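Quick heads-up: it's one chain on its own, the form predicted on its own, in structure tokens.
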């Protein structure tokens, strides 16, 4: 077997605690350094130092120096969202392959810059998504096989439960302070259902209408960002989608939230519930539901890590590329324009 790919953990202040153990467990990856920008708050440095201590590697407070290391082949970027694009571009310019937390960028202009930097460097970029869920993959196969006939509408829910101040996130200001997060729960979660809609339908989203507000949580009201939103999407060919997205106050929810997909076609309907991993087809002739009992990490994240490593090894893009990540950012940006204008907004095309 060839030498493992050296991985730099580039900032650990958001979801790195979910990703780093999976990279550490991969036989083709070796974590070699933790790094971040020098002028971040000391609390962030402390988090990064904790990761470095845990994995027994140095903590380098100079990203450029860390990225210059010859033993670094790839990076995992898990800063607050407003630094995702800058750190990803720095990695690309250093010739490193990039795993970046969601969203890839907090504006379409930033996303364009990331794509240009990655293309110029000839490296691979993978962003975090949930599309490796077995039920979602099977749903796509059933749709492609024509089990629903012609797809007409999608109804998607992604609602996380529990307050941001109850330990649900590493630091609630990373979600509600726009200087760090880039927005509220639309920025945080909307990318998941947008990605699912594009993946399952094979269609681009052309227009968005969104209504959002701070309905449940004081931190969101205090910082002036939304905790809940309802969106109506128009896809190519006149297909429509509704999306309910955000955070709701149900701290005792047994599964941590409601993540469901309902798709309707001319000859049948399909239901996916991420918390009860199964696909149900309501069509003629009736089909038995399929089930999967894998955990989130095993069924979604580990395949994503394996795909990223394979893309580096084989010099080919992952199944969801930076162009998909850019398309998500374009839809999120249109949604925020719609919230501000109260009108349907067109999604910028690339």
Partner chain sequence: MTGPGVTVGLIGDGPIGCAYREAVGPMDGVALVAAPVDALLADANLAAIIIATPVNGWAAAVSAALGSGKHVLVDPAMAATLSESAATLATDPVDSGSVLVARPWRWHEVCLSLRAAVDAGDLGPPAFFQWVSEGCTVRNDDDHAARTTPALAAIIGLDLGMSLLGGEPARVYARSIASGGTVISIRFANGANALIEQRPHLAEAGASYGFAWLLGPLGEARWEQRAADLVVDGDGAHLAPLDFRPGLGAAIAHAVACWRGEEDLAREADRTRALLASASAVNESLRRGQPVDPRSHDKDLQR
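Residue numbers count along the first chain shown, from 1. Source: prediction; values computed, not measured.
Keep in mind that the form predicted together with its partner chain is missing from the display, and what follows is about it.
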{"query": "Contact label in the predicted bound form: residue 173 to its partner chain, heavy atom within 4.5 Å", "finding": "no"}
{"query": "Contact test in the predicted bound form: residue 192 vs its partner chain, heavy atoms, 4.5 Å", "finding": "no"}
{"query": "4.5 Å heavy atom contact, residue 343 and its partner chain in the predicted bound form", "finding": "yes"}
{"query": "Residue contact check: residue 141 to its partner chain in the predicted bound form, 4.5 Å heavy atom", "finding": "no"}
{"query": "Contact at 11, 92 and 95 by its partner chain in the predicted bound form, all three, heavy atom at most 4.5 Å", "finding": "no"}
{"query": "Which of 197-205, 74-82, 122-130, 156-164 lines the interface with its partner chain in the predicted bound form (heavy atom within 4.5 Å)", "finding": "156-164"}
{"query": "Position in contact with its partner chain when the complex is considered in the predicted bound form, options 111, 210, 87, 261, heavy atoms within 4.5 Å", "finding": "210"}
{"query": "Its partner chain in the predicted bound form - contacting residues of 81-100, heavy atom within 4.5 Å", "finding": "none"}
